[in-house]
Structure formats: structure tokens, C-alpha cells
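Shown here is one chain on its own, the form predicted on its own, set out as C-alpha cells.
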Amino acid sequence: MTHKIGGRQSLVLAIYSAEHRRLMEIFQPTRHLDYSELLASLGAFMEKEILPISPKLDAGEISIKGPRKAVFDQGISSIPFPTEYGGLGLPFSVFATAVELLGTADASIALSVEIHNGVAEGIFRFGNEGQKRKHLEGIISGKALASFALTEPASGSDAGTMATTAELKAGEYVINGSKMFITNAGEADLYLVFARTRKGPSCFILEAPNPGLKFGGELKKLGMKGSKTSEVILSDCHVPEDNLVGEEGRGADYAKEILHGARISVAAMNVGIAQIAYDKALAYAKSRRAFGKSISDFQLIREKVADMKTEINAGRLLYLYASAVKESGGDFSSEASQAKVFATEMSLRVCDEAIQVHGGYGYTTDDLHRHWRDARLLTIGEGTSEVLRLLIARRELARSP
């Protein structure tokens, strides 16, 4: 790959350098395979097909459906799942790295795919064999779109106050309540819904369409404008008893476990967002002239470049490390939360500095400041930075002698 877009090198060359491949070898020393061909193929596709249309997605000029399907057709969702369910059986770190690449190409599609894969992981980890056989292949292939319906209008991060209820009647659960800020709502073929039963919060597979499943209007957002976010309204929504995932009353535990993995993906996505903002700032700094020379020759601009690059690499290392701990089978909740807190806040800093480097053009050019707008969501979604700092402290204090 030698072509350039926007005056910068190919994503394949920028991200999947020899140094990056060595990082993957470090984190998988005993069973490393060369995944560079797969990742290079994904990178080439995203650079050619997704990156150029990203501004149009942000502006609402085109729908996410076509580009998202094209990404699914490349097999991104199949990466971390076993071959028996249609997956590629590769380590989670390969999927996270692919999400980083997708975050660089378009954050809205990356968010939609990340939510989708979180549902697949939930069914794979906690569903019974019948549920896996029925649903996983369709989700993993991207033929069926999935949505994660946990957050409620009045609960937010406090899932313990969940108001949505599920009552078992004559072999069916009848679900009533509403969910807020739900990605892929109104588009998804399957919803992983959390509702309170007599035994406590529980998890259900809800297939669309369903007469009791309705949606509020699409929410207007600061960023991530290409992805659809809406309220999910559940009004006497009948779900077969067989669609209960795992054990009744264990839904809160399942949600937490799903979110731990999702936080690694979100961290990777933010590294990708920061990478594209940095690439644009670097190219602009080299081409913009002031006082008779390139602004990249000024010491303060060089300091910004050094700090941005260092923080991006630190975020990349954190999500790869969290992925390695997840792959080892250990408790990775603290590492995932550390990666998410750092990467999401880092991405905001890098995007802000990229705007500063561009000066007035940074504030007035949608194609640059949309990266900051996209990144802003992710210190909130999948666990706020404040809540995750409490989780990290609790886990680390418990580990200490």
C-alpha cells in the first residue's frame, strides 16, 4: 500500500508497522501467529471504502447501513469467536486492534460494531447451547444486527435501580419498561434486554420485530452522528421463557462481565480516533507556514507532537495489555477499566491539541473537530470515568495484601 489520503500515509503503513507487530508478539509470546496479513487487508479496505465517506456519515448525507454491512462482510465481528459458531478463533487482541483501525476510519461505525460484538460475547459466554446455535452465527457474520439494552432513563450507571420488569406468565416473560441511549435501536434484529424479575435483574434475548417493542425518536447527539441512538420502549413485550440468558437473577453480573470486554474495545476505538486526529495535525503542521517557516519548526508545536504521539502509544499498550490479561482467563476488570479511562481521556486531549494546531481552521472545519465530538461520548458510555476509577481502586485495594 503506497497511496495517500489527505496527504498522509496508508493506515496499513501507519498502524501495522514492524513495531506494532512486535508489540503483539510481546503480549502473546507463546502462541503468536502473524496476523499482519488479516489486519493489513482490513486496513486497506477501511482506508479505501470507509475513511473517505466518514465526513458524509457525520453530516447525515448517507446512512450507516451500507458501510456497516460492508465492514461486517470483511469478517471483523467473527475475529474473536470459535470456528464452531462461524468465527475465526483468533485472540481478542486481534479484534481490539481491528476496532482501533475502524475507529481511525469512522468512529460511528466502530461504536455500532463494538456494541454488536458485546451482545455476541454475552450470548457466547452466558447463553445455553441452543441460544448459541440459533443466534451466534447470524450475529458473528453480521447478517443480524444486535443491540445492548441496559441503560434506563433514571438509572444510568446505577443498574441496581433498574425499573424495567419481566414477569413469567404461561411460559413467557412479559417485559415492561424503557431503555435509554441505546445504540442500534430501531435497526437491530436482536436486543439483549435486562429486566428485573422476582429473583433480581435478568437477561433476555428479544428478537425483532415484536408487537410490544417500540422506539422513541432518534436522539440528537454532539458526535457519533452516523450511529443511531434511541429510546427502546417495552410495552407488554412477550418473550419465550427459552430466551432467558443464563440464570434468572444473574443479569447484573452478566452485564458487568460483558462491559469489561467492551471497555477494551472502547479504549482501542479511542486510540484510533486519536490516531486520525494526530495524523491530520501532523500533516497540517508540516504544510502550514508562519513567520517564514513551517509551524512544525516551532518548539511548542514539536512539544505537542511529542506529547500526542506518546499518549497514543501509551493508550495502545494499555488496551493490548488488558486484552492479554483477558485472554489469559484472569480477572481483567481493572486492566480494562484502566485502558478505557486513559484512552478516552487521552483521545480528548489529543483531539483538542489537533484543533489547537490547526488554529481557526480546527474550530471551523467539521472534518477535524468531529473527532473531538466523537471522542467526547466515550468518557461517559460503557462506564463513566468517575465510576471506573472507583472500580479500579476497589479491585486494586482488594488485590493488595
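These numbers come from a predicted model, not from an experiment. We number the residues from 1 along the sequence you see.
The same protein has a further form, the form predicted together with a small molecule, not shown here; the description that follows concerns it.
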(message) Which residue, 76, 182, 258, 166, is the contact with the small molecule in the predicted complex, using a 4.5 Å heavy atom cutoff?
(response) 182
(request) Note which of 286, 238, 221, 214 lies within 4.5 Å of the small molecule in the predicted complex, where distance is taken over heavy atoms; exactly one does. (result) 221
(request) May I ask whether 115, 148 and 380 all come within 4.5 angstroms of the small molecule in the predicted complex, judged by heavy atoms? (result) yes
(message) Even though the partner isn't displayed, in the predicted complex is residue 156 close enough to the small molecule, meaning a heavy atom within 4.5 Å?
(response) yes
(message) residue 393 versus the small molecule, in the predicted complex: is there a non-hydrogen atom within 4.5 Å?
(response) no
(message) Although the partner isn't part of this model, could you tell me whether residue 243 comes within 4.5 Å of the small molecule in the predicted complex, counting any heavy atom of the residue?
(response) no
(message) residue 229 versus the small molecule, in the predicted complex: is there a non-hydrogen atom within 4.5 Å?
(response) yes
(message) Tell me which stretch of 182 to 190, 277 to 285, 135 to 143, 309 to 317 has a heavy atom within 4.5 angstroms of the small molecule in the predicted complex.
(response) 182 to 190
